[in-house]
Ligand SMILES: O=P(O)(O)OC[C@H]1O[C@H](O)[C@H](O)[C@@H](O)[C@@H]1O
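Encoded as structure tokens, the following chain is the form predicted on its own, with no partner shown.
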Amino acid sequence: MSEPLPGPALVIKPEGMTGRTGRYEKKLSDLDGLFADAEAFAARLATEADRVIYHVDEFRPSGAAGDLITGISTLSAGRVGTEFHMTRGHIHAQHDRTEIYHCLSGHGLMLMETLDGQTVVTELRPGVVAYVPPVHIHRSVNLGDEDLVTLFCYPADAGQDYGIIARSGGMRHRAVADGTGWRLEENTSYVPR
């Protein structure tokens, strides 16, 4: 009998991931147009344009149907005006693809939206798994004072469509600080799809 070949190995911890095949970062300057308070964004941009707001480490074995992409998303704490830091968000280009996010550390939301504007929220704390159903736009929001770290997994052929949010003027709801915690408020720039 021949010896088995070693398979790819990942080590995933809240502080990072080894064995990744890729990494990308989004700086504050990459998030122009995401936040409602343009004046607060401009003030932060003047001093923190190069600050990394979130980064993603991923293991992408292939783009073939049947394969899985796994990774770690790390979203920093902070606000622009009353709005919490968030990822740009997307829907899968293959709309019938799902995704899971397992919260490793921090406190946040998985903010989801159907194509007809219905909002769905899963509050994230360590150990909580958020299931993103097919045909749901989704983004992470950090409600806490430390990094929000999530493990994600989705089909390798899913793809991402980031423009769907921009074309609608954002998602229907925004997560904002309310003095004692958070609440959702209507996005006045939202245009129904």
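Predicted, not measured: the structure shown is a model, and the values here were computed from it. Start at 1 with the first residue shown and count on from there.
Unshown form predicted in complex with the named molecule; subsequent notes refer to it.
Next item on the list: Report whether the minimum heavy atom distance between E83 and the named molecule in the model of the complex is within 4.5 Å.
Entry: Contact check for E83: no, nothing within 4.5 Å of the named molecule in the model of the complex.
Next item on the list: Examine S168 and determine whether its closest non-hydrogen atom to the named molecule in the model of the complex is within 4.5 angstroms.
Entry: Result no; S168 lies far from the named molecule in the model of the complex.
Note to self: With the partner left out here, check for me: in the model of the complex, does some heavy atom of V56 sit within 4.5 Å of the named molecule?
What the structure shows: Looking in the model of the complex, residue contacts with the named molecule include V56, since a heavy atom lies within 4.5 Å.
Notebook entry, point to check: Does the named molecule get within 4.5 angstroms of any non-hydrogen atom of S76 in the model of the complex?
Noted result: Contact with the named molecule, no.
Next item on the list: Counting only non-hydrogen atoms, choose the one of 122-130, 141-149, 41-49, 158-166 that falls within 4.5 Å of the named molecule in the model of the complex.
Entry: Stretch with heavy atoms near the partner: 158-166.
Check: Going by heavy atoms, what in 67-100 lies within 4.5 angstroms of the named molecule in the model of the complex?
Finding: Those in contact are S73, T87, R88, G89, H90, E99.
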